[in-house]
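Given next, in structure tokens, is a single chain: the form predicted alone.
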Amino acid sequence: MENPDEVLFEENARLAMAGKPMIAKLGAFATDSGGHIPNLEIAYQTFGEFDGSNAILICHALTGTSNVPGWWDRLAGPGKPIDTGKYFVIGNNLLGGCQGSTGPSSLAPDGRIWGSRFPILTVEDQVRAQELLLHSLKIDGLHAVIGCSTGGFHALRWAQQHPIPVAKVAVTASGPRQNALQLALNEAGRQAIMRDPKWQGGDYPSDDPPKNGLAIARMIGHIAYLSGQALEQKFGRNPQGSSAGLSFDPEFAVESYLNYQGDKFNERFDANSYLHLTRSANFFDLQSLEGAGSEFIFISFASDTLYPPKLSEELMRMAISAGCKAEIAIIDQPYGHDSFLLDGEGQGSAIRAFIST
């Protein structure tokens, strides 16, 4: 079993390995909410060489980036299951993000930050932006789309929505929608941000953002990402070494861990992007896979409380009902939802076999 410490404690160190993304300028873009983005830009990175039929699009999780081998280093890279020596791997930062793509922290045409004026987004908007990116790269067919966590929503929409054919779709640690628990956790995180006085209705200055609210939102998320078993195994009631005791300072190791994660998150993420990306994920609700022509694999983890195996089983039934070839893999890892980042063996073997046939 792989050691989870690297992901749990050194997420930012791995992401810091990212190269500088390229920026695709994609012109005017209309959103499903009626919004208008005059000059859409999507940040992207490619890994490997394109041979005309080996392109794989990776759809990242909620706060991911275009640097696929950075945040998914157990699965993507030379010789790994998503082999960048064999495939042309495309990573992108979602529309609404804050790592180079147009989002609420970007400058609007008037030279001011979009802020509260940025339009509400849907998963379908984000997929259409990805489509424009691929057209700009002269890619007219995909060997596979792979989506993890909320990125699974985008992969599922690719199977139905796109004008670009997709042979295979892999959905890992995801589902057809977010359940009540996820809706509640996302709302708690958004309220933490919006009730921070520095949020200012979404129009905060870039040098004085609502750091406290965003840190708390990240702490809430991390509690949900790990299973109770993983938290107990890693932290238990271990004391925090620097604690003075009998105070409101972190007394236990798990408290220190959450505070660390919240503070580090502020170094790389924007509060308004967190609001928009969680909201677009909340809106997604897949009722069927009718019209899909891809082959599917659905991968889930037994300890994942956010996207339990029953959701992958529901997707499997949808795929079969739509007449698509599909398979399912349920993997026993103790790390909860974060297993999709930590498991390079079971998940890796399933993905390698699926995309290589």
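Quick note: we count residues from 1 along the sequence shown, nothing fancier. Note that the structure is predicted; figures quoted are calculated from it, not measured.
Omitted here: the form predicted together with another copy of the chain. The next part is about that form.
The stretch from 91-99, 142-150, 155-163, 255-263 that comes within 4.5 Å of another copy of the chain in the predicted complex, counting heavy atoms only, is 255-263. Taken together, the three residues L181, M194 and E232 all lie with some non-hydrogen atom within 4.5 angstroms of another copy of the chain in the predicted complex.
Contact check for L107: every heavy atom lies farther than 4.5 Å from another copy of the chain in the predicted complex. Interface residue remark: E267 is not counted as part of the site for another copy of the chain in the predicted complex, having no heavy atom within 4.5 Å. Though the partner is left out of this view, S33 does reach within 4.5 Å of another copy of the chain in the predicted complex, counting heavy atoms only. Residue contact with another copy of the chain in the predicted complex: K138 places no heavy atom within 4.5 Å of it. In the predicted complex, the residues of 252-291 lying within 4.5 Å of another copy of the chain by at least one heavy atom are, in order, F252, V254, E255, L258, N259, D263, L275, H276, R279, N282, F283, F284, D285.
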